[in-house]
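First, one chain by itself: the form predicted alone, in structure tokens.
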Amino acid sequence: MPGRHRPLWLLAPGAVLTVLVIVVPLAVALHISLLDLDQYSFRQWVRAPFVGLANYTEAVRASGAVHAIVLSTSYAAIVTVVTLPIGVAAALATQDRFRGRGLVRSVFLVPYVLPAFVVGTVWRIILQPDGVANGLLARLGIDGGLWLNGRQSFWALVVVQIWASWPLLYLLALAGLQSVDPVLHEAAALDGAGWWDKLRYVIFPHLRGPVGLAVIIAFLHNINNFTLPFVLFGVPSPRDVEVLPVLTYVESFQNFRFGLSAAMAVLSLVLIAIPLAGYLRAVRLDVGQDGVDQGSRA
């Protein structure tokens, strides 16, 4: 009997770490979001006035949280939709062996392995009014205008994030391609399947799981990205690129509204949990369907 519960004890270190790293900070954040905590009450934050849901109400009605949520969601969705075909196409292009494939794969990973601070700094120099981007556009007879301020700043953020994040989808799509059994490729060739038929009926079905995971991870990464917009535009950033992580930072470390910023952080967590819950439910349904199919075959 004692050995029967031994596997549960093996999970204890991970459970303790999860409680310390995730559960406790989340509980503290939820508690702070219910307090009127600012620079005046920070020294005795446990005794700060309890305001209930007032911070959430202010975040939705009085602050720019709603605008930041819409901005973050649209920006993350555009980047994810654009990087998906780029990543899958790059994975398909580097799947088969050819001379220099290792070098090409390494070059493809450069935007992803560079620190976000470096990427933001380099692109900030490129997008200056007298920078490389406007210089190239001027040769084509196009007035680039201001990329780091005004309406064009949103599209500048989208372009830079696309450049920096497409290798993530490339990596996961490439991992999915490597899991395809070579026997399936040989069988498709023997059946006379063309390039498109092979891509549609052999490769794409095996990419559904990895690509679905890649889309969710990329979307969550983009919607929660702080470093790139912070370095690229600075603080205070233009309203068109004041995404939710940057707004939360401003309310916390510049305005010292810690209760309000905690409420915004909780809203950000809810925003992230929605697509994640949808993906987990889809995966569970797929597993259940596979189990039903295997049971019916047996």
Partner chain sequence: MTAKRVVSALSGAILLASTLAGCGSDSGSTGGGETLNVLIGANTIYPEEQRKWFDDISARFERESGATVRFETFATPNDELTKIQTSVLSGQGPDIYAIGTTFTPTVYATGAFLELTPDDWTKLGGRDRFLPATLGISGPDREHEVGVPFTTRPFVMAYNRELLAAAGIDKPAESWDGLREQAKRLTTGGRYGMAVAYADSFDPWKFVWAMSLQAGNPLVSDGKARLDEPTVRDAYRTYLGWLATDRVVDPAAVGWKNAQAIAAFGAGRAAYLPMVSATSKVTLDASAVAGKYGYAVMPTVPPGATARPAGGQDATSILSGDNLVVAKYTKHRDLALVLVKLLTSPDQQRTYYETFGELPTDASAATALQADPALAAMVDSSARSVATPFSGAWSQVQLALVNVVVQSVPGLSAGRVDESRLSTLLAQAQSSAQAALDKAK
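Just so it is clear, the structure is predicted and the values come from calculations on it, not from any experiment. Numbering follows the first chain given and starts at 1.
Heads up, the form predicted in complex with its partner chain isn't pictured, but that's what we're talking about next.
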Can you work out whether residue 64 and its partner chain are in contact in the predicted bound form, taking contact to mean some heavy atom pair no more than 4.5 Å apart? no
Though only this chain appears here, would residue 237 touch its partner chain in the predicted bound form if you measure heavy atom gaps against 4.5 Å? yes
For residue 43, is any heavy atom within 4.5 Å of its partner chain in the predicted bound form, or not? yes
Do residue 255 and its partner chain come within 4.5 Å of each other in the predicted bound form, heavy atoms counted? yes
Its partner chain in the predicted bound form has a heavy atom of only one listed residue within 4.5 Å, and of 205, 85, 150, 100 that residue is 150
None of 104, 216, 159, 146 but one has a heavy atom within 4.5 Å of its partner chain in the predicted bound form; the exception is 146
Candidate stretches 70-78, 129-137, 161-169, 105-113 - the one whose heavy atoms come within 4.5 Å of its partner chain in the predicted bound form: 129-137
Neighbours of its partner chain in the predicted bound form among 12-42 [non-hydrogen atom within 4.5 angstroms]: 13, 16, 17, 20, 36, 38, 39, 40, 42
